[in-house]
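This text opens with one protein chain seen in two forms, each one given by itself as C-alpha cells under the names structure 1 and structure 2.
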Structure 1
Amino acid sequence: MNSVLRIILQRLALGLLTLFIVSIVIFTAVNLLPGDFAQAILGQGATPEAVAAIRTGLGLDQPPVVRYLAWLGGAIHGDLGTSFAQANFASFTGTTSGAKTVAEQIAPRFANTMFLAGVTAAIAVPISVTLGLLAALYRNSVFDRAANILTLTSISSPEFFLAYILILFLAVLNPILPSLSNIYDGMSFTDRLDKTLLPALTLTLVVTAHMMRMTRAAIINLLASPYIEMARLKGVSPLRVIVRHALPNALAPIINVIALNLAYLITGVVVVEVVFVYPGIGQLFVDSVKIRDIPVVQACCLIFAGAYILLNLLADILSILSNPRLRHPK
C-alpha cells in the first residue's frame, strides 16, 4: 500500500502545483493589457475621478507581484475581489454598501451550475456506460453501427444546435418542458428539476456520445486480451466472462472516461447556460467577458480550471487505485 500512497501524494502535489501555475497564467494574462487598465475598462467617456477611484479601489497602483499575492491570498480565503461593474456602480453612487463582492455574485450561481452538472451526470453516466458496454459486446452489429453514426453526429454538432433542436421538439412543438430556465431561490426541488431538465438533456446528448464511444473502445480493447479468451476457453458463461473477468479490469478505464467527460461538461455548460438563460456560473462568465469585468472573468476562470484539474486528478487517482499491479506490489 505504501507505494500507492506515495504515488497518490505525488499526484496530489502535482495537481496543486498545476493549479498554482494556472493561477499565475490567468493573472498575468490579464496584466498583459496595455496602457491604463481602468481607463480601458471604463471607456473614453469616464471622468478622471471615476478612473482614479477604480484604480485605488482595486489596488491597480500596486506592482503586479503584490497584486498577484493579494489576489491569490484573497482567493484562498474565498475573497475574489469586487467586480468592476459593481465597483463602477459604487463609484457613481458614492457608496459601497450596495456593491456585491465577486464571491457573493458567484456563490449562488456556482450552486446552480453544480445542480445542472449533477442532473446531467445522473442521467448521462448510467445510460452511456450501459450503451457503451452493449455496443462493445455486439460490435459490428446493426445496433453498433447505428450507435456509431448517431454518436458521431451528436459529437459533431455544436451544443447550441442540439439545444435548439430539443427546444423545437420538447418546448415549442410539444410543450412538455420550459425553454427558459428561470431559476430562483426558494424554488421547490421538482420545479427546479423541471426547469433544469432541458439544459441537462442537451448536455446529456453531448456527453453521452463521448462517454459511450470511449467506454466502447475501452471494453473492446479489453475483450481482445488473452485472459478473456482464456476464460471463454474454460467454459465460463458469457455473463460471467463480463462480470467476473472483464468488469474488474474495465473499472479503471471506465472511471477515467467518466471523470474526463465530467471535466468536459464544465466547458459545455457555458454555451448551454446562455441558450437557456440558466443562471449559472457559465452565463455570468460570458456576460462578464462581454462587459470586460475582469475580476469576475478571472474568478470564473480559476473556478473552471480548478474543477477541471480536480476531476482530471480524480480520474488519475481512481485508476491508480483500481490497478491490481499497483495495489499488490511484488
Structure 2
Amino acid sequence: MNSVLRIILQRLALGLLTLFIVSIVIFTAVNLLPGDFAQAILGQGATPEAVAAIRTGLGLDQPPVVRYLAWLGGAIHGDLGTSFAQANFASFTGTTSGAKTVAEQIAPRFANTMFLAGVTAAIAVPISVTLGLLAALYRNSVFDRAANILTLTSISSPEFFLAYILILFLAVLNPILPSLSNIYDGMSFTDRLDKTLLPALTLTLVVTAHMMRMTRAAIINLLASPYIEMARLKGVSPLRVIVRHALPNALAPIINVIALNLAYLITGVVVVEVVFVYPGIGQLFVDSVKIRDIPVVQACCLIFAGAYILLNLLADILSILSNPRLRHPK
C-alpha cells in the first residue's frame, strides 16, 4: 500500500509541475496574440493617448513577468482576475455593481460544458465498450468490419461536418431535436437535456471510435493468453470468457482511453459549442479571443489544461489500482 501511495503522490507532484509549466506557456502564447484589447475596443480611429490610458488602467503597461506573477498568485487563491471588457464597461459607466469577475463569468459556462460532457459520456462510454466487446467476440465478421468502417468514418470527419450532417437530418429534414442549444438558467432538466442532445450526439460520434477500437484491441490481445485458452477448453461460452475473464484484465488500457476521451469532451468542445451556439466555456473562449480579453482567455486555457491533466492523473491512478503488477511491484 505504501508503494501505491508513493506512486500516486509522484503522479500528483508531476501533474502540478506540468500545470505550472503549462501556465507559463499559456501566459506567453496569449500575450503574443496579434492585436490589442484597447485597440479592438476603441477601433481604428483611436488616438495613441486613449489607447495608452486604457492599457494603463488595465495594467497592460507593466512588465510581462510582473503580470504573470500577479496572475499566477491570484489563480492559486482562486482569483482569476477581472475581465477587460467588464473593467472597461465599469470605467465608462462609473459603477462596478454589475461587473463580474472572470470566475463568475466562467462558472455557469463551465457547468454547462460539464453537463454536455456528462451527457456525452453517458451515451458514448456504454456504446463504445459494448461495440468493442462485440467486435472482439465476432472478430473479422461482417459486424466487426461494419463497426470499424463506421467508427473510422466518424472519427475521420471534422466535428463541424458531423454537426451539420446531424442538424440536416435530425433538425431540418426531420425536426426531432432543436438545432440551437439556447441553454439558460432556470430550465428544467428535461428541456436542458433536449437542447443538449444534438451536440452530445455529435461528440459521441467523435469519441466512440477511439474507445471502441481500444477496447477491441485490448480484449483481442488477451484472448491469446493461456488462462483464456484454459477457460475455452473447459467449455465456457465465448461471451462469458470475454466478460468474466478478459474484460477485468483489460480495464487498465480501457480506463486510460476513456479518461483521455473524457478530457477531450471538456477541452475539445470548442467547435461543437460554436456550431450549436451552446453557452459553454468553449463558446466563451472564442468570444473572448475575438475581443482580446486576455484574463478570460488565460483562465479558459488554464481550466482546459487543468481538466486534461487531472483526468490523465485519474486514469493513471485507476490503472494502478486495477493492475496487481503495479499495486505490488517487485
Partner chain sequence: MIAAVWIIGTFVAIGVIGWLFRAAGRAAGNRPFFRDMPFGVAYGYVFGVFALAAGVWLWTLPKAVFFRWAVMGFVGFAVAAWLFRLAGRHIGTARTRKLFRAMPLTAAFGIMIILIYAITAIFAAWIAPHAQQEIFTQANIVPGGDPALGGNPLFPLGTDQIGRDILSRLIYGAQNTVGIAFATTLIAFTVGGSLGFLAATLGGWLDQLLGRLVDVLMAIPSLIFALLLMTIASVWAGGEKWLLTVYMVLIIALIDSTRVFRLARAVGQNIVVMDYIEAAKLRGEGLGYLIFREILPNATAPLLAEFGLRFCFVFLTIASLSFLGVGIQPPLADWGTMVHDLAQFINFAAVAPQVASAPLLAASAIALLTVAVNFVVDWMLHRSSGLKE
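Rigid core (definition): largest C-alpha set, two forms, superposition within 1.5 Å. Structure 1's sequence is the ruler for residue numbers, which start at 1. All figures in this text were calculated on a predicted structure; none of them were measured in a lab.
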Quick check on the two chains I just loaded: which one is the form predicted in complex with the partner chain, 1 or 2? 1
Core-aligned CA displacement of residue 239 at least 2 Å between the two structures: yes
At a 2 Å cut-off on C-alpha positions, does residue 266 qualify as shifted between the two structures after fitting the rigid core? yes
